[in-house]
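Quick heads-up: it's one chain on its own, the form predicted on its own, in structure tokens.
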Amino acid sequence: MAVKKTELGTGFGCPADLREYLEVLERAGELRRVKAEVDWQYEAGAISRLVNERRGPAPLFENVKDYPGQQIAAVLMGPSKPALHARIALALGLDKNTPTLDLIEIVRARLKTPCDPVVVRKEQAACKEVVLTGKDIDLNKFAFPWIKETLDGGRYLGTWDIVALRDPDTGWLNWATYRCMVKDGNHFAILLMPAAQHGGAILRKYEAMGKPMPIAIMIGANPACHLAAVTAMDHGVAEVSAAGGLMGSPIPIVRCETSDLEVAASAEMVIEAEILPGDRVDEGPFGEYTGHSAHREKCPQARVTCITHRKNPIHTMANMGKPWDDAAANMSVMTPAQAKNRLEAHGLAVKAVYTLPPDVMVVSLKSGPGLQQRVVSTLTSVPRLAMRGIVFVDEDVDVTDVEDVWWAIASRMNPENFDTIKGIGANTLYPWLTPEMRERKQLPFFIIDATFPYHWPQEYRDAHTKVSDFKHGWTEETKRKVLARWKEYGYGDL
């Protein structure tokens, strides 16, 4: 028997599982049911990528070629319009038009109050409705898509997924999102980067001991679980507890069939596997969130030991590419929330933090002696939190507006205030890495200080730094008059 919604109820009114989330999206006009037959090979990917770029409702492919009874839900956390982060807000039980910076503040508050999961019995877990072992295991039975025709190296079962791993030294259960490529009916390759991801570091521990590493892939879990899994947590912090904080209630989890890993009980599918020491196969390339096809090399291979799933499972698919996409939309909320919490915990007060894709962090603050250096050291001490670079702007700059941030860089940055740090653990998906950087797994990190120096006297600031725009260039009386007559001027559509 599956877990009832009342048993999964959340304190903040969040959707309890993927199927409830789809209902929420549909009611809000953020889901489109595609009833026409769609091919899992290339076609579903092409449709969902165009939906991303046009910021349309997320597609639910209800009639997948060759796979009757299975569906593919794509770009579930992708961008929307006019509210870019509408689907993330809905996943968190909020109004779809919640302003971005308000949404980040709400996430920050919830992350500060994690809620440990609750273990349920196998009979209560929806993900255990069907259990496949031995000869019944075959990844080709499922509608895993080949997304990009000319960029991807094959079918990917994991793009919007959660991978469960356990640290053999501490027992820490790590949930994170890693891409997983189908190799055959019993094997898949997984991208685990030891220099930039917790999963890669955990795998090194197992291989040093000469032991296989258990792994479990969750597909179609609770949306709050997916949001937690893409967030850069400190080592040892349980993402499942962070997900409980986002939900306002414990996440129901259940133990795997072939290992001691715990997974989301409401997931659509769980693929249990193990990685044997030193087992490597070709993985990639894959059209990534950097907007480029990335990373084709030898990666760990996992052997499937069990598959459990709900009846008529719904597969989930992200579609990475030039902004905006699933990764950019959710990481621009979750990463800043985590970053600002970390800064506050270290006594560093900043006005706002935002992440512009791919991986450029923007921090607005009131400048002070040594403040930028302390911010950089605090954020770069955690893998994946600040990976590419940081742009510092003054408090009057809207960190969520690319045009406003670029204006600050172009008009306020003294070229002497550009700096780099070398030796940061590399995200090898970046296309600009040199062969040497890729080999060393290290890259430089840039710092752009587009703030006016804190030590400039007010008289000097008044003479040289006043902003020239509608807000600052006219009296309130004149602005009110112009706004009141705006339609009369013929500009009612703007």
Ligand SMILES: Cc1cc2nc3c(=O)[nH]c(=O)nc-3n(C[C@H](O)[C@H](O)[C@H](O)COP(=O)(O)O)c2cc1C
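Heads up: residue numbers just count along the shown sequence, starting at 1. Only a predicted model underlies this, so the values are computations on that prediction, with no experimental measurement involved.
The same protein has a further form, the form predicted together with this ligand, not shown here; the description that follows concerns it.
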*Look up in the predicted complex whether residue 315 has a non-hydrogen atom within 4.5 angstroms of this ligand, and give yes or no.*
no
*Can you check whether residue 384 is within 4.5 Å of this ligand in the predicted complex, heavy atom basis?*
yes
*Heavy atoms within 4.5 Å of this ligand in the predicted complex: does residue 330 have any?*
yes
*asked:* in the predicted complex, does residue 87 come within 4.5 Å of this ligand, counting heavy atoms only?
replied: no
*With this ligand left out of view, which of 308, 241, 197, 305 would have a heavy atom within 4.5 Å of it in the predicted complex?*
197
*Just one of 221, 127, 320, 216 has a heavy atom within 4.5 Å of this ligand in the predicted complex. Which one?*
320
*Could you tell me which of 322 to 330, 389 to 397, 366 to 374, 253 to 261 sits within 4.5 Å of this ligand in the predicted complex, going by non-hydrogen atoms?*
322 to 330
*Three residues, 175, 178 and 231; all within 4.5 Å of this ligand in the predicted complex via heavy atoms?*
yes
*Could you list which residues of 150 to 173 come within 4.5 Å of this ligand in the predicted complex, counting heavy atoms only?*
159, 160
